[in-house]
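Form predicted on its own, single chain, as structure tokens, below.
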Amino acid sequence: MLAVAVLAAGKGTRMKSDLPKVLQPLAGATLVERVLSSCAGLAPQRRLLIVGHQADRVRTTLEGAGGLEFVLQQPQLGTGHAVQQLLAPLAGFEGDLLVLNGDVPLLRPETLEQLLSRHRASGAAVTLLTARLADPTGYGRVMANAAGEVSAIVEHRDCNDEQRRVDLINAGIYCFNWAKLAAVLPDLTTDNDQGELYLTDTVALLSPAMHVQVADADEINGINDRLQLAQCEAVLQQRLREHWMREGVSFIDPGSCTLSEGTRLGRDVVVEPQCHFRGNTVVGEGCRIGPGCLLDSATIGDRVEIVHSVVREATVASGCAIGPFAQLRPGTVLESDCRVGNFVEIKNSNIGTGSKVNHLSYIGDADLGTGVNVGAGTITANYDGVRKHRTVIGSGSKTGANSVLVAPITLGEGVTVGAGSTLTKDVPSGSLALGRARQLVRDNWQGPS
């Protein structure tokens, strides 16, 4: 049996934010969501989140996670005090307790698997995660022998000169035999500089105590301020880019691009500089993205080219070309081999196979058939001031430059709209539609003097 407890009660004063620290975003997910994700593969029977500062806001944010138990720590009197709040919820629980911090988001699942495996294989009362740092200043030093047995954890300020030369530090991640931990939790005292109850003090009360050294010290990076948040973002972004490059994606300038955890990229995708992927974006094989693109929760087919454009919550089928300077807004669906050119905005519309919206147009709440050609400056006037209305354009139709289609309106198949027309009524298939004022020319005109 395994229970996981995540410490998420702190205020995070140094973040200087109205948002609780554990809800700060990192590569598209909150810090605490990343921590919960890191232990999902362990399939714990119980998942407990210890909350305090803005507890209701944290609960609301995570209410969709499912299977979470929220435990209130009020007031917050240290890590030991936080875990003491589990004595009632875990009464009678038989198994191990993994304790994680809600502001340590870079732990790899395989690291936690190794920690739990070693803990169970050794029969330890507690196994802690450790790391070796070139500069361990400020961290508690772990005194351990070659077999991995821990004799003590000494806080930096309490170390003597010899102990300060130890580079093995406590990462603050623990795996406990819950029954043994529950027996000593009431014995913790506030006899320290901060007047708090420290979870580290339980290590001296439990035997045997073991440690597992993490291979990559970046995994234990905690976040207390915006600088550390940015540093963790950089580490995570590098991990994501390296992963996709190993999967067959080319980044022309990797450091200029960012990804979300939910991004999925196909083989032979080329990502130009200054491209950013957000949400659950999926890009098919053989695409060329960028330079200068933002894709947010977009679904992109194979062999698509997108240049200097924004695509949000839109679906683009294979063989399309988009940009430069186009915007596909939520609800847009492009079928295969469409062309969307410069300074075009499309919203909540379906664009049929092989259709073209090449430049300077707004297509909103519209349904276009196959092979439609939208002339420069065409506008679907979809809003009457109260409601949105749809425009329907049949296959093979084309609009002239600077046309305005006032919805609701339907153009049949093979319709030609003359340049400069404003249409307010339906047009049957195979027709030419003109809706513009008669041109007036006055010869030898002399303006007012």
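Take the two forms, superpose them, and find the largest set of C-alpha atoms that agree within 1.5 Å; that set is the rigid core. Sequential numbering from 1, following the sequence displayed. Quick caveat: nothing in here was measured; it's all calculated off a predicted structure.
Another form exists, predicted in complex with a small molecule; not displayed. Remarks below refer to it.
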Heavy atom within 4.5 Å of the small molecule in the model of the complex: which of 126, 82, 107, 232? 82
Using a 4.5 Å cut on heavy atoms, which of 78, 319, 377, 284 is close to the small molecule in the model of the complex? 78
Do heavy atoms from each of 22, 155 and 171 fall within 4.5 Å of the small molecule in the model of the complex? yes
Heavy atom of residue 315 within 4.5 Å of the small molecule in the model of the complex: no
Taking the shortest heavy atom distance, is residue 369 within 4.5 Å of the small molecule in the model of the complex? no
Looking at the partner-bound form in the model of the complex, is residue 290 within 4.5 Å of the small molecule by any heavy atom? no
Hey, in the model of the complex, is residue 178 touching the small molecule, heavy atoms inside 4.5 Å? no
Counting any heavy atom within 4.5 Å as contact, can you tell me which stretch out of 133-141, 266-274, 337-345, 178-186 lines the small molecule in the model of the complex? 133-141
Using the core for the fit, does the CA position of residue 141 change by 2 Å or more between the shown form and the other one? yes
When you overlay the rigid core, is the Cα of residue 249 off by 2 Å or more between the shown form and the other one? no
After a core superposition, would you say residue 168 shifts its C-alpha by at least 2 Å between the shown form and the other one? yes
